[in-house]
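Take a look at this one chain, the form predicted on its own, written out in C-alpha coordinates.
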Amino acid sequence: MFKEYDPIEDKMFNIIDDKGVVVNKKWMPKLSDEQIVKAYKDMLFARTADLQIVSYQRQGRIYTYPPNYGQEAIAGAVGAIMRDEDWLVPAFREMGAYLAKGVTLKEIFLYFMGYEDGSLFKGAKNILPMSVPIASQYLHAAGIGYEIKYNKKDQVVYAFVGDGGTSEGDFHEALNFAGVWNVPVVFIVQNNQYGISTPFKVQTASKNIAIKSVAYGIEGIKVDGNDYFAMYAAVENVTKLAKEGKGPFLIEAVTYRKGAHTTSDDPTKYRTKEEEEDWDKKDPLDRLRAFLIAKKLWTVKEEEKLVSQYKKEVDRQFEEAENYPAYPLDDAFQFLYEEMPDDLKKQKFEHEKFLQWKETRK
(Lines give C-alpha, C1' and ligand atoms only; values in the text may rest on other atoms or scores of the structure.)
Protein backbone atom coordinates (compact mmCIF):
# COMPACT_ATOMS: atom_id res chain seq x y z
CA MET A 1 0.00 0.00 0.00
CA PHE A 2 2.73 2.47 0.97
CA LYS A 3 4.78 1.92 -2.18
CA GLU A 4 1.71 2.14 -4.38
CA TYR A 5 0.56 5.36 -2.70
CA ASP A 6 3.88 7.01 -1.96
CA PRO A 7 3.31 10.39 -0.26
CA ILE A 8 6.46 11.70 -1.96
CA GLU A 9 4.57 11.37 -5.24
CA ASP A 10 1.51 12.98 -3.62
CA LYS A 11 -0.75 10.06 -4.49
CA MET A 12 -4.05 9.79 -2.65
CA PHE A 13 -5.59 6.45 -1.76
CA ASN A 14 -9.28 6.09 -2.54
CA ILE A 15 -11.71 3.27 -3.36
CA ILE A 16 -15.01 4.93 -4.35
CA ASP A 17 -15.52 8.10 -6.35
CA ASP A 18 -17.75 11.02 -5.48
CA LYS A 19 -20.76 9.13 -6.86
CA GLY A 20 -20.17 6.09 -4.66
CA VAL A 21 -18.86 3.93 -7.51
CA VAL A 22 -16.00 1.54 -6.75
CA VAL A 23 -12.95 2.61 -8.77
CA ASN A 24 -10.30 0.60 -6.90
CA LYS A 25 -11.47 -2.99 -6.52
CA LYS A 26 -8.01 -4.18 -5.52
CA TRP A 27 -8.18 -2.55 -2.10
CA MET A 28 -11.92 -2.87 -1.43
CA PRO A 29 -12.15 -4.21 2.15
CA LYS A 30 -13.94 -7.50 2.75
CA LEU A 31 -17.03 -6.20 4.50
CA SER A 32 -20.44 -7.83 4.58
CA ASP A 33 -23.54 -5.93 3.50
CA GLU A 34 -24.60 -5.83 7.16
CA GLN A 35 -21.29 -4.26 8.19
CA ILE A 36 -21.52 -1.58 5.52
CA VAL A 37 -25.11 -0.72 6.42
CA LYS A 38 -24.14 -0.51 10.10
CA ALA A 39 -21.25 1.79 9.22
CA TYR A 40 -23.61 4.09 7.38
CA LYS A 41 -26.12 4.07 10.23
CA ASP A 42 -23.37 4.94 12.72
CA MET A 43 -22.18 7.83 10.55
CA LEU A 44 -25.76 9.00 10.12
CA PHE A 45 -26.35 8.95 13.87
CA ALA A 46 -23.16 10.94 14.48
CA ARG A 47 -24.20 13.55 11.93
CA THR A 48 -27.75 13.78 13.28
CA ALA A 49 -26.43 14.29 16.81
CA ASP A 50 -23.83 16.80 15.62
CA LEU A 51 -26.38 18.98 13.83
CA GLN A 52 -28.70 18.90 16.84
CA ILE A 53 -25.92 19.93 19.21
CA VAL A 54 -25.28 23.01 17.08
CA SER A 55 -28.99 23.75 17.32
CA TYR A 56 -28.90 23.38 21.13
CA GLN A 57 -25.94 25.76 21.25
CA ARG A 58 -27.76 28.37 19.17
CA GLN A 59 -30.62 28.10 21.68
CA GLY A 60 -28.20 28.88 24.51
CA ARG A 61 -28.59 25.43 26.05
CA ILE A 62 -24.96 24.31 25.68
CA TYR A 63 -21.61 26.09 25.46
CA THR A 64 -19.16 26.42 22.56
CA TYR A 65 -19.03 23.26 20.45
CA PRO A 66 -16.71 22.04 17.62
CA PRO A 67 -18.84 20.44 14.85
CA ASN A 68 -17.90 17.09 13.26
CA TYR A 69 -19.99 17.88 10.16
CA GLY A 70 -18.39 16.45 7.02
CA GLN A 71 -15.71 14.36 8.73
CA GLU A 72 -17.77 11.37 9.84
CA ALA A 73 -16.10 8.71 7.68
CA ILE A 74 -12.74 9.06 9.42
CA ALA A 75 -13.87 8.46 12.99
CA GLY A 76 -16.45 5.98 11.72
CA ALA A 77 -13.82 3.78 10.07
CA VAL A 78 -11.56 3.82 13.12
CA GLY A 79 -14.53 3.06 15.36
CA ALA A 80 -15.41 0.01 13.28
CA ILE A 81 -11.88 -1.44 13.63
CA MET A 82 -10.88 -0.36 17.13
CA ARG A 83 -11.29 -2.95 19.89
CA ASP A 84 -12.17 -2.40 23.55
CA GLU A 85 -8.59 -3.04 24.61
CA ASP A 86 -7.15 -0.56 22.10
CA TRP A 87 -6.53 3.06 23.07
CA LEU A 88 -8.34 6.08 21.65
CA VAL A 89 -6.43 9.34 22.01
CA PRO A 90 -8.73 11.96 20.46
CA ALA A 91 -8.66 15.63 19.64
CA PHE A 92 -12.25 16.95 19.67
CA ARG A 93 -13.82 16.10 16.31
CA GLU A 94 -14.15 12.32 16.54
CA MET A 95 -17.70 11.72 17.76
CA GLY A 96 -18.12 8.47 15.81
CA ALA A 97 -15.04 6.97 17.45
CA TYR A 98 -16.18 8.14 20.89
CA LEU A 99 -19.55 6.46 20.47
CA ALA A 100 -17.93 3.28 19.14
CA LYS A 101 -15.73 3.21 22.26
CA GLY A 102 -18.77 3.27 24.51
CA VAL A 103 -18.95 6.98 25.37
CA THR A 104 -22.55 8.18 25.61
CA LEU A 105 -24.02 11.28 24.03
CA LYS A 106 -25.05 12.35 27.50
CA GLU A 107 -21.40 12.40 28.57
CA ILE A 108 -20.49 14.45 25.49
CA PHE A 109 -23.30 16.88 26.31
CA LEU A 110 -22.14 17.17 29.92
CA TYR A 111 -18.60 17.95 28.80
CA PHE A 112 -19.77 20.85 26.67
CA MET A 113 -22.02 22.02 29.49
CA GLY A 114 -18.93 22.41 31.67
CA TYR A 115 -19.23 19.27 33.77
CA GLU A 116 -16.10 17.37 34.73
CA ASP A 117 -18.26 14.25 34.80
CA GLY A 118 -18.49 14.49 31.02
CA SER A 119 -14.97 13.01 30.85
CA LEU A 120 -15.56 10.05 33.15
CA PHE A 121 -16.58 7.75 30.26
CA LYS A 122 -17.99 5.11 32.60
CA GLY A 123 -18.81 2.64 29.84
CA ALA A 124 -15.68 3.16 27.73
CA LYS A 125 -12.32 1.50 28.21
CA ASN A 126 -8.89 2.95 27.33
CA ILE A 127 -9.83 6.42 26.14
CA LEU A 128 -8.36 9.81 27.01
CA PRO A 129 -10.44 12.99 27.40
CA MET A 130 -10.79 15.49 24.57
CA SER A 131 -7.58 17.45 24.06
CA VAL A 132 -7.94 21.19 23.67
CA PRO A 133 -4.16 22.00 23.85
CA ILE A 134 -3.53 21.23 20.18
CA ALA A 135 -1.33 18.18 19.39
CA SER A 136 -0.31 17.59 23.03
CA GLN A 137 -2.25 14.32 22.87
CA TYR A 138 0.19 12.96 20.27
CA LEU A 139 2.90 12.84 22.93
CA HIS A 140 0.50 11.01 25.23
CA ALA A 141 -0.19 8.50 22.46
CA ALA A 142 3.52 7.89 21.93
CA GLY A 143 3.94 7.30 25.66
CA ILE A 144 1.04 4.87 25.81
CA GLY A 145 2.51 3.07 22.80
CA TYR A 146 5.83 2.76 24.63
CA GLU A 147 4.09 1.16 27.64
CA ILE A 148 2.25 -1.27 25.34
CA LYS A 149 5.48 -2.35 23.68
CA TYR A 150 7.41 -2.54 26.97
CA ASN A 151 4.81 -4.83 28.54
CA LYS A 152 4.23 -6.77 25.31
CA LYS A 153 0.49 -6.12 25.21
CA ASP A 154 -1.85 -6.82 22.31
CA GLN A 155 -3.03 -3.22 21.88
CA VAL A 156 -2.96 -0.44 19.32
CA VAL A 157 -3.22 3.31 19.90
CA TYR A 158 -5.30 5.51 17.57
CA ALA A 159 -4.40 9.18 17.95
CA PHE A 160 -6.14 12.09 16.20
CA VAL A 161 -5.23 15.68 15.42
CA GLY A 162 -6.25 18.28 12.83
CA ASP A 163 -4.03 19.73 10.11
CA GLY A 164 -3.38 22.79 12.27
CA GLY A 165 -1.85 20.51 14.89
CA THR A 166 0.96 19.55 12.51
CA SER A 167 2.37 23.06 13.00
CA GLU A 168 2.90 22.35 16.69
CA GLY A 169 6.18 21.04 18.05
CA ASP A 170 4.36 18.29 19.95
CA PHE A 171 3.34 16.70 16.65
CA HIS A 172 6.95 16.37 15.50
CA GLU A 173 8.31 15.28 18.87
CA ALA A 174 5.67 12.56 19.09
CA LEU A 175 6.39 11.18 15.62
CA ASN A 176 10.11 11.29 16.31
CA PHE A 177 9.88 9.39 19.61
CA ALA A 178 7.31 6.94 18.22
CA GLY A 179 9.60 6.20 15.29
CA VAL A 180 12.65 5.69 17.52
CA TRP A 181 10.70 3.40 19.86
CA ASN A 182 8.83 1.64 17.02
CA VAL A 183 5.57 1.68 18.97
CA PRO A 184 2.09 0.49 17.84
CA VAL A 185 0.54 3.94 17.31
CA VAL A 186 -1.61 5.01 14.35
CA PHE A 187 -1.37 8.78 14.03
CA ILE A 188 -4.34 10.16 12.10
CA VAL A 189 -4.38 13.75 10.86
CA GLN A 190 -7.81 15.01 9.86
CA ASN A 191 -6.77 17.47 7.17
CA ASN A 192 -10.00 19.46 6.93
CA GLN A 193 -8.24 22.24 5.00
CA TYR A 194 -8.24 24.84 7.78
CA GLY A 195 -6.46 25.40 11.08
CA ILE A 196 -9.36 27.48 12.42
CA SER A 197 -9.24 30.16 9.70
CA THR A 198 -5.75 29.45 8.33
CA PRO A 199 -5.92 27.54 5.01
CA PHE A 200 -3.77 24.44 4.68
CA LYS A 201 -1.81 25.88 1.75
CA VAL A 202 -0.12 28.43 4.03
CA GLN A 203 0.50 26.05 6.95
CA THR A 204 3.37 24.10 5.40
CA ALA A 205 5.68 24.05 2.39
CA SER A 206 5.33 20.25 2.22
CA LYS A 207 3.23 18.92 -0.66
CA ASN A 208 1.08 17.00 1.85
CA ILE A 209 1.07 15.95 5.50
CA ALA A 210 1.73 12.25 4.95
CA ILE A 211 5.17 13.07 3.54
CA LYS A 212 6.25 14.24 7.00
CA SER A 213 6.46 10.57 7.96
CA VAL A 214 9.58 10.19 5.81
CA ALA A 215 11.65 12.46 8.06
CA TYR A 216 10.87 10.28 11.08
CA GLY A 217 11.55 6.95 9.42
CA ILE A 218 7.97 5.70 9.55
CA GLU A 219 5.38 4.81 6.92
CA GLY A 220 2.80 7.35 5.86
CA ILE A 221 -0.12 7.48 3.44
CA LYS A 222 -2.49 10.15 2.12
CA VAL A 223 -6.09 8.89 2.14
CA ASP A 224 -9.38 10.26 0.88
CA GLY A 225 -10.92 10.89 4.29
CA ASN A 226 -14.42 11.24 2.82
CA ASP A 227 -14.23 7.70 1.40
CA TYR A 228 -15.33 5.29 4.13
CA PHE A 229 -13.90 2.25 2.35
CA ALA A 230 -10.51 3.89 1.79
CA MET A 231 -10.30 4.92 5.43
CA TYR A 232 -11.35 1.46 6.58
CA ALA A 233 -8.82 -0.29 4.31
CA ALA A 234 -5.97 2.02 5.35
CA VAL A 235 -6.69 1.73 9.08
CA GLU A 236 -7.22 -2.02 8.82
CA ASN A 237 -3.89 -2.42 7.01
CA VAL A 238 -1.81 -0.34 9.43
CA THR A 239 -3.52 -1.92 12.46
CA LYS A 240 -2.40 -5.36 11.29
CA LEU A 241 1.16 -4.12 10.78
CA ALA A 242 1.22 -2.29 14.11
CA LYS A 243 0.22 -5.50 15.91
CA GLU A 244 3.15 -7.21 14.18
CA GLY A 245 5.57 -4.66 15.61
CA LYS A 246 5.94 -2.69 12.38
CA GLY A 247 4.34 0.57 13.56
CA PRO A 248 3.96 3.54 14.05
CA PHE A 249 2.13 4.93 11.04
CA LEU A 250 0.90 8.31 9.85
CA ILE A 251 -2.39 8.63 7.98
CA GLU A 252 -3.35 11.94 6.42
CA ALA A 253 -7.13 11.83 6.01
CA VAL A 254 -8.08 14.50 3.47
CA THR A 255 -11.50 15.89 4.31
CA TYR A 256 -13.41 19.15 4.73
CA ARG A 257 -14.91 20.78 7.76
CA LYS A 258 -18.39 21.59 6.44
CA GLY A 259 -19.35 23.43 9.61
CA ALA A 260 -17.61 26.15 11.56
CA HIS A 261 -14.40 25.53 13.51
CA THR A 262 -16.55 25.97 16.62
CA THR A 263 -19.92 27.59 17.19
CA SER A 264 -17.99 30.79 18.00
CA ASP A 265 -16.56 30.89 14.47
CA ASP A 266 -17.91 32.37 11.22
CA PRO A 267 -16.35 30.48 8.25
CA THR A 268 -17.91 32.89 5.71
CA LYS A 269 -15.15 35.32 6.75
CA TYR A 270 -12.40 33.19 5.26
CA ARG A 271 -13.81 30.74 2.69
CA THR A 272 -16.08 31.04 -0.32
CA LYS A 273 -19.47 29.56 -1.07
CA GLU A 274 -18.01 28.09 -4.29
CA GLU A 275 -15.37 26.21 -2.29
CA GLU A 276 -18.00 24.82 0.06
CA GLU A 277 -20.17 23.71 -2.86
CA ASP A 278 -17.22 21.92 -4.48
CA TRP A 279 -16.56 19.98 -1.27
CA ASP A 280 -20.28 19.21 -0.89
CA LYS A 281 -19.86 16.92 -3.90
CA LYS A 282 -17.41 14.82 -1.84
CA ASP A 283 -19.66 14.48 1.22
CA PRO A 284 -18.85 11.15 2.98
CA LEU A 285 -22.47 10.23 3.77
CA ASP A 286 -23.70 11.07 0.26
CA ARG A 287 -21.03 8.83 -1.26
CA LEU A 288 -21.68 5.84 0.99
CA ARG A 289 -25.45 6.29 0.64
CA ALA A 290 -25.13 6.24 -3.17
CA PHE A 291 -23.12 3.01 -2.91
CA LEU A 292 -25.79 1.40 -0.72
CA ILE A 293 -28.71 2.53 -2.87
CA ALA A 294 -27.01 1.17 -6.00
CA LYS A 295 -26.71 -2.20 -4.24
CA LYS A 296 -30.37 -1.98 -3.14
CA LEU A 297 -29.33 -2.00 0.52
CA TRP A 298 -30.82 1.38 1.41
CA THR A 299 -33.66 3.75 0.58
CA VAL A 300 -34.29 7.43 1.22
CA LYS A 301 -37.59 6.55 2.90
CA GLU A 302 -35.79 4.22 5.30
CA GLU A 303 -33.31 6.97 6.12
CA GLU A 304 -36.02 9.53 6.87
CA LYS A 305 -37.65 7.14 9.32
CA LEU A 306 -34.31 6.37 10.99
CA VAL A 307 -33.31 10.03 11.32
CA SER A 308 -36.62 10.71 13.06
CA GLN A 309 -35.82 7.97 15.59
CA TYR A 310 -32.27 9.26 16.02
CA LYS A 311 -33.49 12.79 16.77
CA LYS A 312 -35.73 11.49 19.55
CA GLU A 313 -32.82 9.57 21.09
CA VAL A 314 -30.52 12.59 20.90
CA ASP A 315 -33.20 14.76 22.53
CA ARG A 316 -33.70 12.16 25.26
CA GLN A 317 -30.05 12.08 26.22
CA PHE A 318 -29.77 15.87 26.01
CA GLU A 319 -32.71 16.30 28.37
CA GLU A 320 -31.00 13.94 30.82
CA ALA A 321 -27.88 16.09 30.66
CA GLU A 322 -29.90 19.29 31.14
CA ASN A 323 -31.46 17.82 34.28
CA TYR A 324 -28.09 16.82 35.72
CA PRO A 325 -27.44 18.18 39.25
CA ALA A 326 -25.89 21.65 39.29
CA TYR A 327 -22.08 21.75 39.26
CA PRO A 328 -20.88 22.65 42.80
CA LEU A 329 -19.12 26.01 42.59
CA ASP A 330 -16.61 25.01 45.26
CA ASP A 331 -15.40 22.13 43.06
CA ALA A 332 -14.11 24.62 40.51
CA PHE A 333 -11.93 26.44 43.05
CA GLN A 334 -11.35 24.35 46.15
CA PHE A 335 -9.05 21.57 44.95
CA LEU A 336 -6.32 23.48 43.10
CA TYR A 337 -4.32 24.35 46.24
CA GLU A 338 -4.19 23.09 49.81
CA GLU A 339 -5.06 26.62 50.90
CA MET A 340 -6.88 28.86 48.43
CA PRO A 341 -4.70 31.90 47.46
CA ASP A 342 -6.10 35.42 47.49
CA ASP A 343 -6.34 35.79 43.71
CA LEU A 344 -8.44 32.61 43.48
CA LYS A 345 -10.64 33.80 46.34
CA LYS A 346 -11.19 37.02 44.39
CA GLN A 347 -12.11 35.05 41.25
CA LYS A 348 -14.61 32.98 43.22
CA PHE A 349 -16.15 36.12 44.75
CA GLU A 350 -16.50 37.75 41.31
CA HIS A 351 -18.10 34.63 39.89
CA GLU A 352 -20.57 34.43 42.78
CA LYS A 353 -21.52 38.05 42.05
CA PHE A 354 -22.05 37.12 38.39
CA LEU A 355 -24.28 34.19 39.31
CA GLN A 356 -26.35 36.40 41.60
CA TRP A 357 -26.75 38.96 38.79
CA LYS A 358 -27.69 36.18 36.39
CA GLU A 359 -30.35 34.95 38.80
CA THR A 360 -31.94 38.41 38.98
CA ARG A 361 -32.22 38.46 35.16
CA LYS A 362 -34.59 35.49 35.09
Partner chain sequence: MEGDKKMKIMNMVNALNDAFDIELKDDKNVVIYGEDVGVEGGVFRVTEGLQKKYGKERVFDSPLAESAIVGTAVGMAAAGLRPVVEMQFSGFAYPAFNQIISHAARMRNRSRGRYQTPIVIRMPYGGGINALEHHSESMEAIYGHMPGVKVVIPSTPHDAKGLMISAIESNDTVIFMEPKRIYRAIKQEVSEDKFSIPIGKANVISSGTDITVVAYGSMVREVQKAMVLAKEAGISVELIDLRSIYPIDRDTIAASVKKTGRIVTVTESPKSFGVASEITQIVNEEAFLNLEAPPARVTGFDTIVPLPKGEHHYLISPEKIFYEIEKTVKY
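Residue numbers count along the first chain shown, from 1. Throughout, rigid core stands for the largest set of C-alpha atoms superposing within 1.5 Å between the two forms. What you see is a predicted model; the values in this text were computed from it and never measured.
Beyond what is shown, the protein has a form predicted in complex with its partner chain; the following relates to that form.
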{"query": "Touches its partner chain in the model of the complex: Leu344 (any heavy atom, 4.5 Å)", "finding": "yes"}
{"query": "Contact test in the model of the complex: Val37 vs its partner chain, heavy atoms, 4.5 Å", "finding": "no"}
{"query": "4.5 Å heavy atom contact, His351 to its partner chain in the model of the complex", "finding": "yes"}
{"query": "Contact of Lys281 with its partner chain in the model of the complex (heavy atom, 4.5 Å)", "finding": "no"}
{"query": "One stretch from 97-105, 272-280, 112-120, 68-76 that, in the model of the complex, holds residues within 4.5 Å of its partner chain by heavy atom", "finding": "112-120"}
{"query": "Interface residue in the model of the complex among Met28, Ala294, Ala332, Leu51, criterion: non-hydrogen atom within 4.5 angstroms of its partner chain", "finding": "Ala332"}
{"query": "Within 119-141, the residues that have a heavy atom no more than 4.5 Å from its partner chain in the model of the complex", "finding": "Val132, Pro133, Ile134"}
{"query": "After fitting the core, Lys19 CA displacement of 2 Å or more between the shown form and the other one", "finding": "no"}
{"query": "Core-aligned C-alpha movement of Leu336 between the shown form and the other one reaching 2 Å", "finding": "yes"}
{"query": "Cα separation of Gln57 and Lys353 in the model of the complex versus here, shift of 3 Å or more", "finding": "farther"}
{"query": "Comparison of CA distance in the model of the complex with shown form for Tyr111, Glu352, at least 3 Å", "finding": "farther"}
